[in-house]
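In the structure tokens that follow, the same protein chain appears in two forms, which are kept apart as structure 1 and structure 2.
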Structure 1
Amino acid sequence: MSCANAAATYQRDWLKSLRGQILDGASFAFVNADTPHELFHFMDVPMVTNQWWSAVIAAKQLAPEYFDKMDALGFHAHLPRYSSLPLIAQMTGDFDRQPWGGLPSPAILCARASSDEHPRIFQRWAELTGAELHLLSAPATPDPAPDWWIRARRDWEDLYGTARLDLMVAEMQSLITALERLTGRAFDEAAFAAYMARIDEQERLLDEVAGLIARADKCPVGIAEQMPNVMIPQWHRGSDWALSHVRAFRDEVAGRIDRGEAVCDAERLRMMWIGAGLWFDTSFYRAFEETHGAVFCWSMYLPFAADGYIRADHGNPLRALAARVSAMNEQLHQPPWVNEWLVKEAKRWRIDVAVILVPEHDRFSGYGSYFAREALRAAGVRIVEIHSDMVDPRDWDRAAMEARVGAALELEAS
């Protein structure tokens, strides 16, 4: 897909450019995926996302060495890995071996306390680099409505709760103050509202793409190509490039459907991949097309761009941003939100088989998977549960996993 190549090229060039900017004295932020990236983008502070960088390191097949190093440093073997891989790479400091020359030291750090490891990991980053640390609280929602995606677009005040949103806004204002100090620029609320509207437009385009693929007779774009086309623009959301790219992605998908093009002409089964990407072995997603006519057509990244991001601003874009961020990770991983959402998506995308990646060391996302498993089974979806990791291939047995998924597909087809 030409769009996917364009996205990867853009991101590679962007990081090279970032290094150049930093060498010239620019500051950059290192942040978790579920933080308000919008504030950094809007204030023109370049930003690298922890989980994206982790995936890049894993894709370069460097993760095993860093996880061995993690053990040697004295961190125990059951600590979460997805979010810690960049920290260990930074501690190791072998930047000449790291993708694109590694990361310089950031000026500012930001994470949400959405699970126990994130504050600790970012505290270690702060100690290592001396960067200013901003941690956002993640208080639980007392009465989480299962159908969050229906209410979240407009009725988010009631869904997430006024007290939680007040807290998130207050913590974001503290972050804004830090960004103003870092950049020497004042935060322009009117311009921010316009910027948030552009993000809303981007996510609505992605919502349109999700609808196109979900309704298509045969899947026109598999998840391996969806992911870069969705996530790289998400890391740059609201920018001219991101909007332009998402439009091109939408047009390319629509064109494929119009021309009757499919990932697998012999498609018989549709699969969903539940969990983060299998970043060290993304070719796994295509392993069942020729053998079983089975296509991975769904991963969370594309549909979540709509359900997780579109928030009416009701004249208060900063509060709308708080609504977007305040339960982002929980909606993707915690019951009742994740299981109900996955069942809704499985029905919309006509899913036959769901493969669930259970990352045993990332317990926050791993344990929520069990609720997803039971809910999807009850909805008639066949489940294959894979206990492995998004970035650590040391226990990954590709042949055994192919055999397990293949067996489930044969049962489903019989």
Structure 2
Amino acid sequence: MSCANAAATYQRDWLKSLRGQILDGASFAFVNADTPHELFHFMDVPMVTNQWWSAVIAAKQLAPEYFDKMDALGFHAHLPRYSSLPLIAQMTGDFDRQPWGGLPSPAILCARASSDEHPRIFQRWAELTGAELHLLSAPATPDPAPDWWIRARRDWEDLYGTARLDLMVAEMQSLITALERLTGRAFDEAAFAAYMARIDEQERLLDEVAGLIARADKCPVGIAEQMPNVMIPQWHRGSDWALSHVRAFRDEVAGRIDRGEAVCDAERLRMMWIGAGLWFDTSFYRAFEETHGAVFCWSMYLPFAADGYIRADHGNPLRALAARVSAMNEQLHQPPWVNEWLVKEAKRWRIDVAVILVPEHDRFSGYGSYFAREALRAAGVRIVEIHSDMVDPRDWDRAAMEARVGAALELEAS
């Protein structure tokens, strides 16, 4: 896709700029993926995301060595690889081998306590670097709604609970105070409301794209090309470039459908990939098109852009942001949030086979997969479980995994 190339070019140029700012001594934030990135973007604080940096290290083929080091240091076996890889690289200190020559010390750290490990991982970052640490709470929703994606767009105050949102807003206001102190700028709530409205506009456009692909007779764009066209503008959500790019992405997808173009002309089966990306081997997603007429058409990134982000009728924009952040990880990984959402999506996208990545070293992501598996099976979807990791290739056997998925596809086609 021309859009995918444009997104990659933009991200490459942005990364060069970000790297230059950081290496020139600019104050930057190091944050977890499920934190309120909007505050950092709005306050013009350069930001490196923990899980994104993990994927960069993995792409440089450095992960196995660092995970061996982690084992030798005595860290417990269930420390989540995706979230801990950057910490181990920082502790190892061989910065001349790392991307960008390693990360300098951030000015501020931010994580949400969405798993047992995340607060401690970021506390160690603070101890190593002396950076100011902000930990956001993750209080449970007492009565989680299985159909959360319907209520989350407008009825989000009742869905997530007033007391819960009060706590999130108070903690975000503390973070805003720190960002004001760091930048010397005052937080403009009216301008922030306009920024949040632009993000909703962007997510509604991505919702259109998801609907186009889901309804198409044959999949016009697989997940390997969906991901950069969704994730890169999501990293820059609400910006002029992101809105422009998502409009172009929608138009290019619509054009492909109008012209009858498809990822695989001989498409017979549709697949969904459940879990974070397989960042060290993304070519796996195209391995079954020629051999089985099977296309990976679904991953969480595109449909979650709408269901996980749109918060209409903001009123107080900070409360709307709190509603976006307060259950993001839970909705993607934990029952009853994730299993019902996946069944809804499987039916909408006409999925035949679901491949579930079960990261055995990540309890938060891994344990919820059991409920997703059973719910999808009950809905008539054939399941293949892959016990591997997003960034740790040490146990990955490409040939064996292709054989397992291929066998399931042959059973489904028979």
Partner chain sequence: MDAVNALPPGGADAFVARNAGRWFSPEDHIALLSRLSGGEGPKIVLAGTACDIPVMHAICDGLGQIVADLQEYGFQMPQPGNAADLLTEIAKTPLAPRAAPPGRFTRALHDGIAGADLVVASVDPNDDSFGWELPGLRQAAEAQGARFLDLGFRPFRPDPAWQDTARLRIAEALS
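Each form is matched to the other, and the largest set of C-alpha atoms that superpose within 1.5 Å is called the rigid core. Each residue is numbered by where it sits in the sequence of structure 1, with counting from 1. On a predicted model such as this, the values are computed, not experimentally measured, just so you know.
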property: Matching structure (the form predicted on its own), either 1 or 2; result: 2
property: Shift of residue 266 between the two structures at or above 2 Å (CA, core fit); result: no
property: Is_shifted residue 104 between the two structures (CA, 2 Å cut-off, rigid core); result: yes
property: Core superposition between the two structures, C-alpha change of residue 140 at least 2 Å; result: no
property: Rigid-core-fitted C-alpha displacement of residue 24 between the two structures (angstrom); result: 3.6
